[in-house]
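We begin with a single chain expressed as structure tokens, specifically the form predicted on its own.
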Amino acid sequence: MTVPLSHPRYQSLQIRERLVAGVRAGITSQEGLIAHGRGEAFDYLIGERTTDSAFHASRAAVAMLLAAERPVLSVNGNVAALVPGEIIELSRTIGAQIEINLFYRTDARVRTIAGHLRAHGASASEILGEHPDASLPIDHARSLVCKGGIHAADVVLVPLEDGDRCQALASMGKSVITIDLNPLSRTAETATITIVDNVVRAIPNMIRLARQMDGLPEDRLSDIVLRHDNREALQDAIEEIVSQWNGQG
């Protein structure tokens, strides 16, 4: 389908098309389309924009990643379909590993996603997940991780996350950053830092912030992280939604 530039939901429809193409290519699961639809509803509520609270959360997240010893960016099918080049660029900018981790996991699908990321410029050594050799304390395929990746990480970015893995990572003492359009979700409430934004906006924002913040001393990065309160940020996100719609009433 060709979406005309004049369409009022042009960007949203373009995202849908990329996800549908991802399903056809074996990158995105059909269930991932349902998850996207849920997030799209919340994106509409926040006005399909990066709010002030989301920007401040992104800044704290970047500070945490830059200060981390072993940062890892977890990638699922939706992320691979929507921001493949951007996730690679972010990983290089902050010095993080990328690991593929899927709820609806098959070896063929993991290989397809890895190939897709490599087609967008990633090297073989930058991508983990094809050969998991460790596990998380959860009872589904997302427990399968790599010793040198998520299992050893001190900070994990888990965009478009499900709550049980977020809780499992937190219980292991890891700091968890998530990108979740629903400020009321279990993931949003469990994460160390939640960015209430669309991944197609959040990852580019994080790249820009990482470039600006590169070279900041560790104590400055730590101060930025410590001053961020996730519960307050989520409340701010809810208030921004209310304000958005009160202003249109």
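Note that the coordinates shown come from a computational prediction; the quantities given were computed from them, not determined experimentally. In this text, residue numbers run from 1 along the sequence as written.
As for the form predicted in complex with ligand ATP, it is not shown, yet the points below apply to it.
Proximity of residue 179 to ligand ATP in the predicted complex: non-hydrogen atoms within 4.5 Å are present. In the predicted complex, at least one heavy atom of residue 35 sits within 4.5 Å of a heavy atom of ligand ATP. Ligand ATP is not drawn, but in the predicted complex it has a heavy atom within 4.5 Å of residue 186. Residue contact check for residue 198: one or more of its heavy atoms lie within 4.5 Å of ligand ATP in the predicted complex. Across the options 116-124, 162-170, 91-99, 131-139, residues that bring heavy atoms within 4.5 Å of ligand ATP in the predicted complex belong to 162-170. Checked against ligand ATP in the predicted complex, the candidates 82, 153, 73, 145 yield a single residue with a heavy atom inside 4.5 Å, and that residue is 82.
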